[in-house]
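To begin, one chain is listed below as structure tokens, in the form predicted alone.
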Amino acid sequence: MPAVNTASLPDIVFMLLFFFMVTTVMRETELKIKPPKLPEATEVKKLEKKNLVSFVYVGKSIDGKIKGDVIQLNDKISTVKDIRSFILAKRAEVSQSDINKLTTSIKADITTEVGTIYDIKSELREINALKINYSTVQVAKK
């Protein structure tokens, strides 16, 4: 019985390795706040184009040094006033035709005060970023 030809095996392994390297998505932001426990909802919809979404994380400080709600934009702790420059920078990155498709997703902990969310929404309203999404966890209908 003839032996199995394994000459093409390294090529196949290399192609698989290259495929997984190209398709793997790295973590975009490192949370500097406690991972938010998202509110529950029954009617949810997935965001289609994640590259057109700006995430605003709201929660409590990991080390507890900062009292109250903490806002994180990208990889740094920020204030409500920093949201304006954050959104305007995101608008500058995308094409003119995609600006009206930009969405701001608020990932807020369930213990976040309503006043903090209101301040964020007011700042977004001032720069005409009116497409807002609230991130939730889907639960079954009761």
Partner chain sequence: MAKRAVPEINAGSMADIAFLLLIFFLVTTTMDIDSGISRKLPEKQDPNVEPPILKEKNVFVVNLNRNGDILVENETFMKVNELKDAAIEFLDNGGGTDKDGNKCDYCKGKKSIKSSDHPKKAIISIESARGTKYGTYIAVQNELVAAYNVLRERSSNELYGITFDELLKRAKDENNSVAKAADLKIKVKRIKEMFPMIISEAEPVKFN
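Positions refer to the first chain, counted from 1. If you superpose the two forms and keep the largest set of C-alpha atoms that fall within 1.5 Å, you have the rigid core. Keep in mind that this is a model prediction, so the values were computed, not measured.
There is another form of the same protein, the form predicted in complex with its partner chain; it is not shown, and what comes next is about it.
Enquirer: Report whether the minimum heavy atom distance between residue 111 and its partner chain in the predicted complex is within 4.5 Å.
Expert: Residue 111 belongs to the contact set for its partner chain.
Enquirer: Taking heavy atoms and a 4.5 Å cut-off, does residue 42 contact its partner chain in the predicted complex?
Expert: Residue-level check for residue 42: yes, a contact with its partner chain.
Enquirer: Is residue 106 part of the interface with its partner chain in the predicted complex - any heavy atom within 4.5 Å?
Expert: The answer is yes: residue 106 has a heavy atom within 4.5 Å of its partner chain.
Enquirer: Answer for residue 67 alone: is it within 4.5 Å of its partner chain in the predicted complex, judged on heavy atom distances?
Expert: Residue 67: no, not in contact with its partner chain in the predicted complex.
Enquirer: Could you spot which one of 93, 48, 63, 30 gets a heavy atom to within 4.5 Å of its partner chain in the predicted complex?
Expert: That would be 48.
Enquirer: Could you list which residues of 122-137 come within 4.5 Å of its partner chain in the predicted complex, counting heavy atoms only?
Expert: Residues within 4.5 Å: 124, 125, 126, 128, 129, 130, 131, 132, 133, 134, 135, 136.
Enquirer: Is it true that residue 126 shifts between this form and the one not shown by 2 Å or more at the Cα, once the core is aligned?
Expert: No; that C-alpha moves by less than 2 Å between this form and the one not shown.
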